[in-house]
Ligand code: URA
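Just one chain is shown here, as structure tokens, and it is the form predicted alone.
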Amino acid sequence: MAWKDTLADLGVMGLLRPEAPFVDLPAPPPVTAAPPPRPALPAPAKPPARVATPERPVPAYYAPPSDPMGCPTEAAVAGAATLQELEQAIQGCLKCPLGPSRLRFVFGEGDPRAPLMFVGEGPGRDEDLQGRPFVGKAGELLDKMIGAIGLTREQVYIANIVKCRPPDNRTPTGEEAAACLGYLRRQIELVQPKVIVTLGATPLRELVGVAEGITKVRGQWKRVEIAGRSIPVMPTFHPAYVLRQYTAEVRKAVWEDLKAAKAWTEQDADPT
């Protein structure tokens, strides 16, 4: 071919692939007859029918003890004349499922005659380990909140709705809160605070009976009746919520709530 001769003259024939020689492919194998069909497998045997058995009764979730140590009586609670006596009367409480799972009973602490009392939800991991309320990160922030209004932890009283840690720090159930509520009310009766600050929705709901969301009612005065006394209540955000929503708006809201609570303890006028 002319084009091949031209390329040969230019010395570029080495760049072309040599033509592959023709190779005869082997003939395909002969077609054989189709294999005989496999014999059908027998159908699997049906499992024998289960014999019906009567259903077992579902056991109760938790059966509280009946002894006065594990289940303190109302008379024992009412008969405690001091916070120390009350703690001794109820520290062995096993009324609800939280009792057997706790490490430490978290009673509460502070000035036994504090004019300002803080009520939270329940102990967390650190509180369960130490037996003291609000000692974790939320507790550190609460100390700063208290310090911002010119007070110290030792000048107020701090307690919770429940005194044993709920698993995974979950919100206490209504039954768990009800088992502990009498203890808290007796604490309030003995401390006789001028104002109670509820931290978060749980104490507002369980102690005061207000089921509205905390974002709607924080900063609005409420009341709780304890042993014939009508005590003003200031609802505000829980320190754990403030840590999660650490904005200037949230911090200012808490600051205004605590200032109002402290201001009322220093005067005789009723804010409600």
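All residue numbers refer to positions in the sequence shown, first residue = 1. All figures in this text were calculated on a predicted structure; none of them were measured in a lab.
Another form exists, predicted in complex with the named molecule; not displayed. Remarks below refer to it.
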Heavy atom within 4.5 Å of the named molecule in the model of the complex: which of G99, G124, P193, P72 fits that? Just give me the one. G124
Go through 72 to 80, 184 to 192, 116 to 124, 85 to 93 and give me the stretch that gets within 4.5 Å of the named molecule in the model of the complex, heavy atoms only. 116 to 124
If we define contact as a non-hydrogen atom of the residue within 4.5 angstroms of the partner, is N160 a contact of the named molecule in the model of the complex? yes
Contact between H238 and the named molecule in the model of the complex at 4.5 Å, heavy atoms? yes
